[in-house]
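The data below hold one chain only, encoded as structure tokens and taken in the form predicted on its own.
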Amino acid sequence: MIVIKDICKNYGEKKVLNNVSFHISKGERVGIIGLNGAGKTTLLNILSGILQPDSGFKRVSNTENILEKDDVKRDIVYVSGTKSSLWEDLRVRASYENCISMYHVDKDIAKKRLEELTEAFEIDHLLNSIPRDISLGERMRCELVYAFLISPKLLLLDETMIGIDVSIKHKIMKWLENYKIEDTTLIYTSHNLQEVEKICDRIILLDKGNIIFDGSVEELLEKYEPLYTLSVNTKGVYPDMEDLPIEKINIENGIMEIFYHKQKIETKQIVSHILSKCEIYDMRQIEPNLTDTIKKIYREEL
């Protein structure tokens, strides 16, 4: 689906992408993450054909020049908080009608799909609105409907949840999770790493234009943040953990925190050992998450 080899892009003397290489197969769901200025948006602009790299090889949907292939352009949709697919002076409904016509979507299929999307993204009251007259969050919901209406083969989503109310965002996220059954390659960027973790199976981590990690979410967590935490309240009784393969123990405010590798010992073994020594009045397990892991990676890089 996508082959990128040694892609470089500079803006003046600033190197934005530095020998970036990866391969994305059809149907993959890839999160591209990094700090501001890491090169995420530039990379998506290159993938969509908006920008050309200074050097390197790029192939998307079996073509090296997207702009010369109308059928390939119709299979790619790019939604961004800084770009718009909607016509500024037309009602939202008219933009959808133009979209259906331009992308040659079957009218019966399009009608049914639009009804489903309108309900899922809660935009029924926005269909007769002019884009410039609605809020950013409402506009982004309409932009997302435009993208999914086409049912593209490659979908690029760049910070598309900005301005969307939390309650509606939760509903959209659930819809995007279920969209995994569709035969669409998805590339997703967001500063909200909980979104990335829910939607994507693979992570490409950029730092100053370089890829510093490319793999599954599970591999990332295992490599950089393998410690689990078990927080236990034993009301002042702190059992000896003996020879269990625990990494470290911290006792504070009457709570014993046990840090361990899941690969070395299971949680139930630790719990069973503690119960053999004393009572447990309260217990909480904290699993590694993507947000904390990425923070740790950048602290180490700095």
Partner chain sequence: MGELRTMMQMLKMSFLTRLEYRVDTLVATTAVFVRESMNIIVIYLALLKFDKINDWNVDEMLFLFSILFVTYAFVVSIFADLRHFSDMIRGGRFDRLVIRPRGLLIQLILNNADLMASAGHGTLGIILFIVSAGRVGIVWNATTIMYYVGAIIGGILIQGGMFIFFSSLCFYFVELESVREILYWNMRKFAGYPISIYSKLIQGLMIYVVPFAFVNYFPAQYLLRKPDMANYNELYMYIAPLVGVVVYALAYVFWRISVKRYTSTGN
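Numbering follows the first chain given and starts at 1. Keep in mind the model is a prediction, meaning the values are calculated, not measured.
A second form of this protein, the form predicted in complex with its partner chain, is not displayed here; the remarks below concern that form.
Only one of 161-169, 89-97, 190-198, 116-124 lies within 4.5 Å of its partner chain in the predicted bound form by heavy atoms, and it is 89-97. The single contact residue among Gln52, Gln263, Ser276, Asn62, judged by any heavy atom lying within 4.5 Å of its partner chain in the predicted bound form, is Gln52. A heavy atom within 4.5 Å of its partner chain in the predicted bound form is found for exactly one of Tyr179, Tyr103, Phe213, Tyr224: Tyr103.
With respect to its partner chain in the predicted bound form, the three residues Asn250, Phe259 and Gln285 uniformly fall beyond 4.5 angstroms at the level of their nearest heavy atom. Of the heavy atoms in Leu230, none are within 4.5 Å of its partner chain in the predicted bound form. When contacts are judged by a 4.5 Å heavy atom cut-off, Phe148 does not count as touching its partner chain in the predicted bound form. Residue contact check for Lys112: none of its heavy atoms lie within 4.5 Å of its partner chain in the predicted bound form. Contact check for Ser135: no non-hydrogen atom falls within 4.5 Å of its partner chain in the predicted bound form.
Contacts of stretch 37-55 with its partner chain in the predicted bound form, defined by any heavy atom lying within 4.5 Å, are made by Thr41, Thr42, Asn45, Ser48, Ile50, Leu51, Gln52, listed in sequence order.
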